[in-house]
Every structure is written in structure tokens, then in C-alpha cells.
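Below you will find one chain, with nothing else, as C-alpha cells; this is the form predicted on its own, and questions on how it binds or moves follow later.
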């Protein structure tokens, strides 16, 4: 097992190319270009960026849905390419779990919540196949994610989006996951219940020492849950480090653009329209600059780095 100073997972110089075949030619699209980051137990790393920047591709590589074109991914120091046997794969997937963006399609609508949780417990040998013990453990899991125990007897369609996400979090606790890949877990939830779901994730970090890769486009939620943040654009990490440092002292123009896009409730609607026009023009220029090749990282502070534009 890793201690607090040893990463659970490392992405080392990861490159991922996809090949698209058209009628006339075959093109190579580079989705990830030299990605490096580390994730530690009891902590969260936020991957922040707009749609298409490569955030979810990172998660797909970690879950072994895809394989890197170059580089390696280490889990407790072992290259996950070496995890090939059925037993080892089952153990890896027990330890690395996902919470998906869409809480409505992530649960089988034909089965009760009891079935979902009991299946996770039994497949991974986390509880004896005993009716009373199984029910007691499921009740305990539901309580841990702040759901009433009667939730076990309900079907997914009887639950709200926030409740379904809590069930998904209970599943990660059921199997004893060490690392949770949370891919936009609050983006489809009502604003009023997002904070509660984030608070549950924070407790999972502190009380169960779970590590999180928190994938989002929302800097506000990243600031709330993640100790470290990495800002991605066009398959590159352009700025990373302590979340407070990155958000309060942004260095890369794309990071500054993301922060400037956060709505200000003090600004009147007419001013918002005028600012949106200016923002769109500015954003186009920043995106063009941010897509260029970058130099080696520059250290801004103790745990704050930026890749400045080449040239």
C-alpha cells in the first residue's frame, strides 16, 4: 500500500493518438500530448478544461478501456499494461472505480438498489452471501452516503439524480475502491444538491482515505473538492499545482480565460451581454495561442507550475 507521500497512480509522458479513416485518407488525431500527473490517497486532483481537451480520455486510459500510444501509467508502481490476467484485472477494477456524469444511465433500471449494491459486494468478495449480513452491510453503505436505508428497496427511476449519484458513491465504497475517477459527477444535477454530493465525496477522501481524479469544466467545484488542479487544453496540461495557487494566481492565458468565464452575479444583464461579446473575441485569440507547442515547465511557486508559450 502507498503512504501519503507515495502516489497511488502516475501518468508518465502519456501520448494518445486516435486514427480516423475517411473516404480518401486516414488521419491521426493526437488527443493527449505528454501528460504527466500524480494522484495520492486521501487527496483529489482536478482535471479542468473545456469539452474535447482530453480529460475523459485520461480516465479511459486509467480504466484500461484505451491503451496509451506512448508513456506508461503506474498503479502502486506497477505498469498497468502488465495487468492482464482475469484475477489481476478484477482486482485492479475493484480498486479503480468510476462515477459517471449521467446518474440516470449509470444504473440498470430493471434492478433495485439492493441488487446493485449486493452484486458489487459479492463479486468482489466484500461480504458473505448471507441475507442478514448482506442487508446490514447495504444499510451501512447507504447511511455512509446519507441515504435512508429504505432506498435499497427502490428502483433507480424512483430516485432523484443526486440520490442516484450517492448510490454510485456507495458502490465505490462497497468494493473498497482506492481511486475514484469522477467524470463531471455534478454537472447533470440541480445546483441546489451539488454541494451535498461534493461534501459526500470530501468525506470519502478524509474518512476512507480514497483518492479522486475529479474531471470537470467547473473551477468552482474544483476549488471546493481538490487539493491540486491541472488545467488542460488541446491534450496538454498547461498549468498545474496547488488549487488555491492556480485559481488565485493564474499564469497561463487559458487558465485566466477559464477564470474570467465564471459568472459574476453583481454584473447587470446588459453588461453581461456586452462582456460576452468581448469575451468571445478574447477567447478565440487565447485558444489560438494556447494550442501552440509549449516550452518546459516554469515553477511559479512551491507547488505551482506553468508551461509558457514557445518562442
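If you're wondering where the values come from, they're calculated on a predicted model, not measured in any experiment. Numbering follows the first chain given and starts at 1.
There is another form of the same protein, the form predicted together with a small molecule; it is not shown, and what comes next is about it.
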property: Residue (of 256, 244, 43, 60) lying close to the small molecule in the predicted complex, criterion heavy atoms within 4.5 Å; result: 60
property: Residue among 184, 146, 209, 139 with a heavy atom within 4.5 Å of the small molecule in the predicted complex; result: 184
property: All of 103, 157 and 160 with a heavy atom within 4.5 Å of the small molecule in the predicted complex; result: no
property: Residue contact check: residue 76 to the small molecule in the predicted complex, 4.5 Å heavy atom; result: no
property: Residue contact check: residue 56 to the small molecule in the predicted complex, 4.5 Å heavy atom; result: yes
property: Contact flag, residue 31 vs the small molecule in the predicted complex, heavy atom cut 4.5 Å; result: yes
property: 4.5 angstroms heavy atom contact with the small molecule in the predicted complex for residue 51; result: yes
